[in-house]
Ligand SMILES: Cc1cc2nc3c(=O)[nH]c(=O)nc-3n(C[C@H](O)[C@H](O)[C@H](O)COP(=O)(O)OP(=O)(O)OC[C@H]3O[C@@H](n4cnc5c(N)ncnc54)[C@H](O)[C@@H]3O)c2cc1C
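Only one chain is given next, in structure tokens, and it is the form predicted alone.
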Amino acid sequence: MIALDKKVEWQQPLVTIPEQNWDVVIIGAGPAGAIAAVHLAAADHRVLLLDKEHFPREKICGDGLLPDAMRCLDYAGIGKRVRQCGHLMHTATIVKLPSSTIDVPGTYLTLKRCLLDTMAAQRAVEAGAVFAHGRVDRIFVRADESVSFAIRGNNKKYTARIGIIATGANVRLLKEMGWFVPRKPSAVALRGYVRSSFDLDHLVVAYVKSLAPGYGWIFPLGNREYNIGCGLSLRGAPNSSKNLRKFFDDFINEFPLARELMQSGTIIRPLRAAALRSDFEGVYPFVKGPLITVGETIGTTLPFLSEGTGKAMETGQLAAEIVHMALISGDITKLKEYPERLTNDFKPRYQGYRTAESWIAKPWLSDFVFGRIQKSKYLGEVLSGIMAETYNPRELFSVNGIVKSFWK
């Protein structure tokens, strides 16, 4: 495993890599980009994976891994490593203040993103990719439909048959290329790390009035360390102009468990904020010529759960499959299968999560739903299935679902 207290030798300075034409250059080594690199390199393609940061690097995230993420990590060959390093729990507690508490059984893992992303990038190198540090300032589509890259502080020419853009919520490159980008992100989140004598060993998600339609969380990381934060949807949020730190303070003040954790602990990493793009509210279209976009760049974070890591990896895995077919066939138009697959296989799943988010945003409706979940074994099973992605949220957040709860 990589020692995280020093710069990793397997991330090379791009200036040391000679000019050459790659099969694929991937910009961004987060979960989507790294997973795409793993699969393409394993298929014997020449892959250059780039990131503007030196790894390991911090990433603003809740650090929770749901079953979709673990499936991708298993398929990429690092699921076992992640489980060995992560903190395993079997319960998620959902709290709706002032009085509703629901325990949701399942398999939940937490692992800091600085470690997860390092492990994924390292796996890409093991598979044969070259991982380099370099900041891409511009991307050019050439007359022969290959792509080239302008690298800050580096005059060498790097070209590729196909480029994959996996820059997360940072869509600067795509704006400069004329891609359509929504004016603002879908949500914002703020989190910090706390070390505390407090004893808690289950995920906690809390819906409090001041955060509606957002929520707060406390995720144990093991060794008395916790990820604590809050997220706020910007879609129709009446208080979205409020300071995010003020929302965090309100969460601490309103939620007794969070207040107790903070009073008994010490912040060991400063609070940091980040933008989120969800529900495919990212750049569009998803493919332009030899360029393909993945992960949060296209808005793959789920509404309601705000789970983004697994979905980002799923799109990276799908993109690798389609890019591989385009490369071996020599037919770049095969990349058009990617948006078709996203539309058919991914987008329908998001509709239920969007509905769930809109219901939770209405206090009277969310109070009613939580009351029904507490009284209905059927809805409890559905909620557990939503967390595991075996149930569509529409099974719960619908008139039909609520009616079923009275007799099932």
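Heads up: residue numbers just count along the shown sequence, starting at 1. No experiment lies behind these values; they were computed from the predicted model shown.
Just so you know, the form predicted together with this ligand exists too; it's not on screen, but the next bit is about it.
- Highlighted residues 97, 210 and 357: none comes within 4.5 Å of this ligand in the model of the complex, counting any heavy atom.
- Shown alone here, residue 62 lies within 4.5 Å of this ligand in the model of the complex, counting heavy atoms only.
- The shortest heavy atom separation between residue 168 and this ligand in the model of the complex is within 4.5 Å.
- Residue contact with this ligand in the model of the complex: residue 27 places a heavy atom within 4.5 Å of it.
- Contact annotation for residue 275: at least one heavy atom lies within 4.5 Å of this ligand in the model of the complex.
- A heavy atom within 4.5 Å of this ligand in the model of the complex is found for exactly one of 113, 123, 161, 324: 113.
- This chain lacks the partner; the member of 341, 46, 57, 372 within 4.5 angstroms of this ligand in the model of the complex by a non-hydrogen atom is 57.
- Per the 4.5 Å heavy atom criterion, this ligand in the model of the complex is contacted by stretch 213-221, the sole one of 328-336, 213-221, 251-259, 97-105.
- Using a 4.5 Å cut-off on any heavy atom, the residues of 126-140 that reach this ligand in the model of the complex are, in sequence order, 134, 135, 136.
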